[in-house]
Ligand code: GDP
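Quick setup: one chain, the form predicted alone, written in structure tokens, and binding and motion questions come after.
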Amino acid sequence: MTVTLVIGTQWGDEGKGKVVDYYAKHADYVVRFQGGNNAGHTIKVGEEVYKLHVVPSGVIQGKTGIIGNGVVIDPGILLQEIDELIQRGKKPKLLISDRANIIMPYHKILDGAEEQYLGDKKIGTTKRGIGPCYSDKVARNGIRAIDLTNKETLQKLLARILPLKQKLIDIYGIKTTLDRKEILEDYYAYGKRLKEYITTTHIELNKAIQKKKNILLEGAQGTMLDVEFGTYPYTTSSHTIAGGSTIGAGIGPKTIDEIIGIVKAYTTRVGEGPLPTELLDKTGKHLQQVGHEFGTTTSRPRRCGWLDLVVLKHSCMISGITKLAITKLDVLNGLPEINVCTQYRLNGKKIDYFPASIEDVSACKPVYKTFKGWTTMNPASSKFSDLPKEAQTYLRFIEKETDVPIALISIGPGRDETIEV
């Protein structure tokens, strides 16, 4: 492993935290390249459970974590995570890109206001200011990590930006006045605490690549939440696909050696937007309850459905995925039959691609292939042949249909409940 990328192939919540933690044993650096604290990665080591939102998952293994320039950072949340890890004896080795944009108080205010204004047409954001922060970044009204370390620079930026944000807040009818002095003092204080971590991470990474160090790139959310290739507009505000990793980390595309796509053995999503294979019956309840399908970040219940190979093939194509890691296979235990969506039926015709139109996606009906289920799975399974024959058949079908080999299978939340293929 030199540079390995781990990304989600569905709507997020695929189990990237566990997989990144597993592969981190081989890594020198683990890099978050996009998203913010709207993501949530859960890692279980023995009886210890860690829930991370900004800090890269690999720090639990004692690796150097890098928060790349493509991430948007809520400094209060980040410092809280750092402090909690220190209290648990896991002082993180952490580097933060000086170019990463900062989530400001007005971003969170406006995020909530926009969702409220949209009403039943809301996007379903986590209301943590992620989208407005990315909007300001593109509009060149952003405040970056490096700006927090210079009080004069931060003061000038706030003097220019705050009047614009106050007008927007007033338009939405929110009775809030932005206090320039208070924001300046709070965020400069954050800057002083974070200064030891802030650096030119892209230079650090490119030097590490030249030295043949092992680097693991960790995505947040999943392909179907990508702002370009997901279920737009019901997406996140960043590029969750392979292409986003090189921009968000500051490395060249040719440096990536392996792209591992994480696939939950069924499908889930949180928030608004179409989900073609969604199950609103007792099977959907089984997946939700047995899989503990509640958001790490929001605690919202996740919508559940059968595995969608139209989505998975779309993800493999867009990102050039070279290996698959299947997670939560154990959750399918006890189901008499398991369906897999192989195509959609749209306006009476079968299609095998994911439409751009959100109206078309909503109108798509899944075409299923049915497999026999299994009743028991040995939690101590250590190799592929230990799995029930029915589970092996299910997994081989996924490999054949995607033409991508399975490299890893997760059969439980623990680090040791993992099979390498």
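Remember, predicted model here, so these are calculated numbers, not experimental data. In this text, residue numbers run from 1 along the sequence as written.
One more form of this protein exists, namely the form predicted together with guanosine-5'-diphosphate (GDP); it is left out here, but the text below deals with it.
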With guanosine-5'-diphosphate (GDP) left out of view, choose which of D186, E278, D330, E114 has a non-hydrogen atom within 4.5 angstroms of it in the predicted complex.
-> D330
Does the 4.5 Å heavy atom contact test between H107 and guanosine-5'-diphosphate (GDP) in the predicted complex come out positive?
-> no
Indicate whether R302 is a 4.5 Å heavy atom neighbour of guanosine-5'-diphosphate (GDP) in the predicted complex.
-> yes
Mark T42 yes when one of its heavy atoms lies within 4.5 Å of a heavy atom of guanosine-5'-diphosphate (GDP) in the predicted complex, and no otherwise.
-> yes
Using a 4.5 Å heavy atom cut-off, state whether E14 contacts guanosine-5'-diphosphate (GDP) in the predicted complex.
-> yes
Okay, which stretch from 147 to 155, 322 to 330, 95 to 103, 204 to 212 lines guanosine-5'-diphosphate (GDP) in the predicted complex, with non-hydrogen atoms inside 4.5 Å?
-> 322 to 330
Within 393 to 421, the residues having any heavy atom within 4.5 Å of guanosine-5'-diphosphate (GDP) in the predicted complex are S410, I411, G412, P413
